[in-house]
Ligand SMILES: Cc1cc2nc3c(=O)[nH]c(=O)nc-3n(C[C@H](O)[C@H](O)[C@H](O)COP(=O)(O)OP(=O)(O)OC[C@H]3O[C@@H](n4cnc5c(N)ncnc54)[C@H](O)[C@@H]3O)c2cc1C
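This document opens with one chain alone, in structure tokens, the form predicted on its own.
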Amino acid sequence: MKQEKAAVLEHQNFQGEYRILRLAAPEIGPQVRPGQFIHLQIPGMGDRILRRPFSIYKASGEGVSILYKPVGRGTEAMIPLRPGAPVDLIGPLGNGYPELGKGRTPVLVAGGYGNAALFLKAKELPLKGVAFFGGRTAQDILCVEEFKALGWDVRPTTDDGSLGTKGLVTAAFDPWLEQQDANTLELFVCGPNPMLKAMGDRAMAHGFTAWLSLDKNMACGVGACLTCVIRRKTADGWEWARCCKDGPVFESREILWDE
């Protein structure tokens, strides 16, 4: 983990309301592992001093890129950032996705811009399989051509039926699962918590492994403030685990979901 004074290299519209911010961060970029995140100090926020966490979409020796959607005061304050603007980063943070298990077939599952967090994993995996992407509309299904270029079979679902199968991501995943040898599968998942729980439930019911990147508010990003804790199973019951420090990626059998 490093704190780095970075600079904006590129900031532009990507698709619909989504934007890409590319940052010069040569100390952080080379250290990134798939599934990790950065904590960004957003300029011009006045008394709003807390950093914002962002999944790392791409990384190189030059720096990192994030794919985001302005949805609140923090992300809206990022829109005016122009090339050359200074920003302060901490990263890479958290534990990312593990290596693919021997003899396993990888499957990607993402909701909304959760697939941005999966791109580095999709690129790294030695085997390419099926990628299920869910969103509200066609505008929320991102990076399809990039994943296809890596060799992935991308199967979108949209709530309104404007692209791919109509319905939640499970509407495409469940019929596909029925035709598979579930014991050979290994899932890498990122998206909203209801989708993560749905994938975790299926993993436990069918006996395959699912790695879930949990979506929790992370005030400090380094495990000090305890705002992002979840309940994790132990041999004697359960314990608190910090999403930012112990995660954000957990195996589905570890998690005790709040009902």
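Sequential numbering from 1, following the sequence displayed. None of the values given here were measured: they were computed from a predicted structure.
The discussion below concerns the form predicted together with the named molecule, not included here.
Undergrad: Between the options R33, K233, K216, K197, which residue brings a heavy atom to within 4.5 Å of the named molecule in the predicted bound form?
TA: Filtering the options by heavy-atom distance leaves K216.
Undergrad: Counting any non-hydrogen atom inside 4.5 Å, which residue from Q180, T137, T75, T105 sits next to the named molecule in the predicted bound form?
TA: Comparing distances to the named molecule in the predicted bound form, the residue within 4.5 Å is T75.
Undergrad: Mind telling me which stretch in 67-75, 82-90, 180-188, 144-152 gets its heavy atoms within 4.5 Å of the named molecule in the predicted bound form?
TA: That would be stretch 67-75.
Undergrad: Using heavy atoms and a 4.5 Å limit, would one call R52 a contact residue for the named molecule in the predicted bound form?
TA: Taking the distances in the predicted bound form, the answer for R52 is yes, it comes within 4.5 Å of the named molecule.
Undergrad: Considering only heavy atoms, tell me if Y113 and the named molecule come within 4.5 Å of each other in the predicted bound form.
TA: Yes, Y113 lies within 4.5 Å of the named molecule in the predicted bound form.
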